[in-house]
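Read the single chain below, which is given as structure tokens and is the form predicted alone.
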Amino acid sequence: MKQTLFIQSIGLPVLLVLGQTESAWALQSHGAPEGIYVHQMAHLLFMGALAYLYWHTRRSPVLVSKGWKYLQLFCILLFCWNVLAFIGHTAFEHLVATDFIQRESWGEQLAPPLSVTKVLYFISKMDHFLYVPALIALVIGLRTFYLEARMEAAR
């Protein structure tokens, strides 16, 4: 009884503090200038890892099941997402506050006239068109691996 009361008295305030919400944007700014450099390097490293995984799964004759095809599709889509995010971060660094109308609100818009940088930034904000299908391909691939392993274990 005392243990439950102790957990409730400590756990509830911790949950309340951790449960506070903040804005979560797809393209976040980082501390200048080191933050964006490290973030961009992480995108490059992630692209390299995805390219290697795709290359390895294509090259290995053992890895030919349907699940591996979905994993390869995941690698391709997430690689493209990383390229798009990299471009979006770079484009954002070249924009200034006057390039936006109602900045940092749900009604944020790009101020006219449009430039190549603004269009690239706008397109990069649509990264979910690559990210969501990539995650779906990953889930289908993992599910396929699970079903194949289950069938193999049943034999």
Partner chain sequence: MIGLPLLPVITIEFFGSGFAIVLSFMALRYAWSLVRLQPDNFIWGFLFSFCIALAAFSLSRGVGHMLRIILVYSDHGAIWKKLSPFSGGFNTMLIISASAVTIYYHKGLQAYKAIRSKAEMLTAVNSQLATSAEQLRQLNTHLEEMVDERTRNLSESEKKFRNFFEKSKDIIYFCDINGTITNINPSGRRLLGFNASENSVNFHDLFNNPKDLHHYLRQLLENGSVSDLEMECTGKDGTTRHILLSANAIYDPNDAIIGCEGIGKDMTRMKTITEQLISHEKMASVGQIAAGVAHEINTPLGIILGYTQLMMDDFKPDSEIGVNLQVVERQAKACRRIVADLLKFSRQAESVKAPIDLNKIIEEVLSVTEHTLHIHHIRVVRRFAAELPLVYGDGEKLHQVFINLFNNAQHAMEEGGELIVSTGKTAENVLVSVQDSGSGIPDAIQNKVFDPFFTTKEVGKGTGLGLSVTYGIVQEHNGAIEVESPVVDPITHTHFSGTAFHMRFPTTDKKNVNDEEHQ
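Numbering follows the first chain given and starts at 1. Superpose the two forms; the largest set of C-alphas matching within 1.5 Å is the rigid core. If you're wondering where the values come from, they're calculated on a predicted model, not measured in any experiment.
The form predicted together with the partner chain is left out here; the points below concern that form.
- When contacts are judged by a 4.5 Å heavy atom cut-off, residue 38 counts as touching the partner chain in the predicted complex.
- Residue contact check for residue 108: one or more of its heavy atoms lie within 4.5 Å of the partner chain in the predicted complex.
- At the 4.5 Å threshold, heavy atoms of residue 94 stay clear of the partner chain in the predicted complex, well away from it.
- Although the partner is absent from this view, residue 155 stays clear of the partner chain in the predicted complex, with no non-hydrogen atom inside 4.5 angstroms.
- In sequence order, 74, 78, 81 are the residues of 72 to 88 having a heavy atom within 4.5 Å of the partner chain in the predicted complex; the partner itself is omitted from this view.
- With the core held fixed, residue 105 shows a CA shift of 2 Å or greater between the shown form and the other one.
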